[in-house]
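Below: one protein chain in two forms, given as structure tokens, structure 1 then structure 2.
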Structure 1
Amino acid sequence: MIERLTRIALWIDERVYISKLFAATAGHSVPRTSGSWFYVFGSGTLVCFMIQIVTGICLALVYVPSASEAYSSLEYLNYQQQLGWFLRAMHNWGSNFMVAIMLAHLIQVFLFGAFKYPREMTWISGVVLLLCTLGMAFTGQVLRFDQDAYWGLGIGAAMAGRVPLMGPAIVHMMLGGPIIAGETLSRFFTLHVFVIPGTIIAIVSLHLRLVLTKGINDYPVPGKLVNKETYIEEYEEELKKDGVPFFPKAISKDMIFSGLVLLGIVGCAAYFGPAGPRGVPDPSLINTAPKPDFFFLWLYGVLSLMPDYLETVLMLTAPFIVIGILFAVPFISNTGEKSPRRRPLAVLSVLFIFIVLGVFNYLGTFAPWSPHMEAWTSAATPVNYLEGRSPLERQGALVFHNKQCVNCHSLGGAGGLRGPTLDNVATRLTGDQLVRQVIQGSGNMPAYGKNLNPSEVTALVAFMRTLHSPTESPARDSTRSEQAAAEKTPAKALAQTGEMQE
């Protein structure tokens, strides 16, 4: 029986070359130094992608890509289909893990100089995979088709609509019409289920092919330089002297890490559950704050805090600049040192980007997307800001409340967060500056010169001049004497500002 099975196996192997295929892939030689925990992120990313394929196929059996039924199908998965909630949670957390591990892989490759000669195309294919993964994450969030997805897509369409000349055409192509509707969901379903995964599979095949042909990057050693004339010969010589087969020698750590990743996804899915859906999408509810998943939370923080005059410029230039830099990296620094110990600029760049993204991710957890529209009806002006005030200053507090300033600015811990808190605004701005800020606006604050008459501005500024702690004095113009600054009332400053505008 054993001999018969052996003959069958050999007959199959002679025709499909299984042994040769194994030797050329899992059995290929790699530097012994590459069997390190630093080299496990690529395998972890591939495991996450496989989980996404399996769970995505299962979800597609139930999910209905229709504007009228998408939300209800997700509700069915969450509450009626047996273990449907767990399947959705596995898909959601698999996406989160995939993005995080891929970013870790990108950082490791950059710090270890694995983008240098002869692996430039390996890096470029990895960047394309990162962009496709982010595209998968965005389209997957849209398929939840709840309030966050609806208005998040609206924000994405608004950004695309700012492209000169082609903006309207891009939006029409993205939405399948002038509004977000059933055809929009069908298009994103097609992208998420067919187009982007197919692209990822093709690029992964190319990426693995490049890894096999150009080899896994050897562990960077300080002083060991990359030279185009000698590197390939030195690498092949190292494989002959100290190379080990990827399977079973170097794969052990990859398997352990992949197992931990799988356990992490299962644990997060079981403990935290799926994401959404959060509320039926309703275009009439304009007072909403769409929160993206963590991989786009930094972008949400940037856009919510960005001054309006920078929005269009940064939206249309920053993404192309960042993507261009990523593609240009292997051509900017193609040879020389690979060790991060000898490349301080590379290490500092990674730390800087990590800190910036971390800060904006943190700010994105509470940064307001829009004013708190109900604040003026629910947030009363604290009593301590009215006691001991003059009639003019109290009238200013009334203007502050009636003109709904509290929707964007908090006072005493109550109100919106769109603008800075005003508890100590008198210590930051002089009377003249307050008048100009109210009338002319700046940053995200609109100009109120046409919405307030001079007496209202005078009262409002008089009230804001009282907003400081008892131990601090209001800000004043250091170029004038204290007596002149005291004699100049907000009304005079207002008159001068009006003259300036005329």
Structure 2
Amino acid sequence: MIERLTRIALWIDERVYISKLFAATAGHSVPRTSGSWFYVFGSGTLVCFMIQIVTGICLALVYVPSASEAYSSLEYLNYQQQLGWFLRAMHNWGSNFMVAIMLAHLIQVFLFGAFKYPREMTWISGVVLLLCTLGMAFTGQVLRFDQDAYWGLGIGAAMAGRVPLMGPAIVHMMLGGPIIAGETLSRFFTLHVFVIPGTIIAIVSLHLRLVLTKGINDYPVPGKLVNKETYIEEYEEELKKDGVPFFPKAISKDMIFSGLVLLGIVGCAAYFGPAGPRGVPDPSLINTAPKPDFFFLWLYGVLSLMPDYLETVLMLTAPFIVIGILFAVPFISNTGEKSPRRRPLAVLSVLFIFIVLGVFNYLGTFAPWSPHMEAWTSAATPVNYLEGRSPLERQGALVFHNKQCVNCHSLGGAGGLRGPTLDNVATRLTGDQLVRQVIQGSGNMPAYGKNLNPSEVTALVAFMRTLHSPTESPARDSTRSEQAAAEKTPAKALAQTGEMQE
């Protein structure tokens, strides 16, 4: 019996070379130093990708890629199908983990100089994989086809539309028509399920083949320089002297890390659950608060800080420049020191990029295009801001609500963050300045001149003049005697501003 099985196995092996494949892959030897905890992120990313494939196939069994049914098929998964929500959550968290671990891998490879000779192609294929993964994250979010998707696509289309001459054509191609519709969904479905995953599988094969043929990077040692003439010889020498088979020696840490990743994804999925779907897309619903995934948030910070005249140019060129730099890394410096201890510039640039992205992510929360632009109309004016106020001042608080100032300005911590908080605005601005601000607006604040009658302006300003802590006194106009200032109603001051302008 056993003999017969063995014979069958040998017959197959003779024709498909399984044992050779094994020897060449799992069995090949790697430098002992590369069995390090720093070297686990690559395989971690691959594990995430496999989880995505499995959960993605399961999702595709239920998901209907049509504009009318996509949303309800997700609701079916969330609320009807046994554990359907868990499947969605796994796919969602698998995606988050994949991006995060992939970034860790990128940083490790960069800091350890693993992109240097002779592994340039490994790095380049890795950059392609990074772009594909971000593409998967974006197209995946679109497949949810809820308000977030609508909004993300809308911004994407707005950016693409700015390309000179080609803009409208590009938008048309991206959306499959002039507007976001069923055709758009079909396109993104095809991309998310066939095109990009296919590309990823192909490039991962290349990536892994390069890792095998060029060898895993040896752990960088300060002072050990990469020299094109001698590097390969040295590497083989080291393998002979101190190599270990990848399986089972070096792989053990990868296995443990992959296990942790899996646990992390299952844990997050079970605890935090799936994302959305957040509301059927309906352009007529204005009170929506879309939330993009964290790795796109910094983009809004950047966009909001850019001066207007630079916006279009930067928006269209910056992505290409950044991607170009990523591709160029192995050509900028591909010999010499590998150890991060001897490459202060590399370490500093990673730190710098981290800080910059962190700051932009933070700013992105407040950006005018910000996803966290919640509709705050339901936030009540804090009770202590109404205590002891006069009837006119109370009316001002009502105008503040009625005209939705509260969507951009917070009072007592409740309210939007696009404009400054007005808790202490009376100590910063005089009555006249407040009038002018409201009538004329400034920066990202709309002008309300046409939408407020004089009584409303007067009430609003009277209310804002009470916004200071009891110990501080409100700001005064020093060019005017107090008496006169007290007499002037804001509305008269407004009339004066008008005169000054004329």
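If you superpose the two forms and keep the largest set of C-alpha atoms that fall within 1.5 Å, you have the rigid core. What you see is a predicted model; the values in this text were computed from it and never measured. Counting starts at 1 with the first residue of structure 1 and goes up one by one along its sequence.
Given structures 1 and 2, which represents the form predicted together with ligand HEC?
-> Of the two forms shown, it is structure 2 that corresponds to the form predicted together with ligand HEC, while structure 1 does not.
Core superposition between structure 1 and structure 2, C-alpha change of residue 187 at least 2 Å = Result for residue 187: no, shift under 2 Å.
Rigid-core frame, C-alpha of residue 421, shift of 2 angstroms or more between structure 1 and structure 2 | Yes.
2 Å or more on the CA of residue 263 between structure 1 and structure 2, with the rigid core superposed, yes or no?
-> No, the C-alpha position differs by under 2 Å between structure 1 and structure 2.
Superposing on the core, what C-alpha displacement does residue 457 show between structure 1 and structure 2, in angstrom?
-> Superposing on the rigid core gives a C-alpha shift of 12.1 Å for residue 457.
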